[in-house]
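Laid out below as structure tokens are two forms of one and the same protein chain, each shown alone and named structure 1 and structure 2.
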Structure 1
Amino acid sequence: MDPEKAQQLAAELEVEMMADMYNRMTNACHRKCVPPHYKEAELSKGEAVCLDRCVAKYLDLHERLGRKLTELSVQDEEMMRKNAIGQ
């Protein structure tokens, strides 16, 4: 497939991917950082610090895993093509 089609498809999937990532990140960080006993509406300092760290880690993880996945995907495809040619 040519890069144009890939880019178009990616643009369509992008929105859904970002929304999904945002939802998962919000849920995960909320579960980790905000204990379920609410005594006031404002985020306390500890919780705010924890959320900063959580988001940074989540995005870092997302990027690293994405790079690794792309690498593995490329290798996988090369291998499959070689197998297909070899047959």
Structure 2
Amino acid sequence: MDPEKAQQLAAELEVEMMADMYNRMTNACHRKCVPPHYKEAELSKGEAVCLDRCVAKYLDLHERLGRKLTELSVQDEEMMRKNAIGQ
């Protein structure tokens, strides 16, 4: 696969993953913070605060997981490289 196609595929995959994360976050925070039966058309102060905190936590966790997965991937690559050299 040529580098340009690989880069385009990676970009498309990233957009798909971000859309999935956004949808999961939206659903999770909505279920947690907004009651199923609406009383008012607008969010209450408590609902808005809950949603804000939920989104912040979700994004923080997503960032932490991304860093950890990157770290593990780098470690795996180094281990594979060392094993390939040692053989």
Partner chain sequence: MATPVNSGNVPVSDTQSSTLADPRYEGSTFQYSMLLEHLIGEKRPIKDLNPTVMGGLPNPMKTDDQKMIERGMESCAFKAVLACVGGFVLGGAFGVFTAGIDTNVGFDPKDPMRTPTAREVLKDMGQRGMSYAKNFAVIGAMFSCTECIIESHRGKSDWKNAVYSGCVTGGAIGLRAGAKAGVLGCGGFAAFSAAIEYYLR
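Just so we're on the same page, residue numbers count up from 1 along structure 1's sequence. Only the largest set of C-alpha atoms that superpose within 1.5 Å between the two forms is called the rigid core. Small disclaimer: the values here were computed from a predicted structure and weren't measured.
- Structure 1, rather than structure 2, originates from the form predicted together with its partner chain.
- Fitting the two forms on the rigid core leaves the C-alpha of Ala19 displaced by under 2 angstroms between structures 1 and 2.
- In the core-superposed comparison between structures 1 and 2, Leu65 has its Cα shifted by less than 2 Å.
- Superposed on the rigid core, the forms differ at Gln7: its CA is offset by 4.1 Å between structures 1 and 2.
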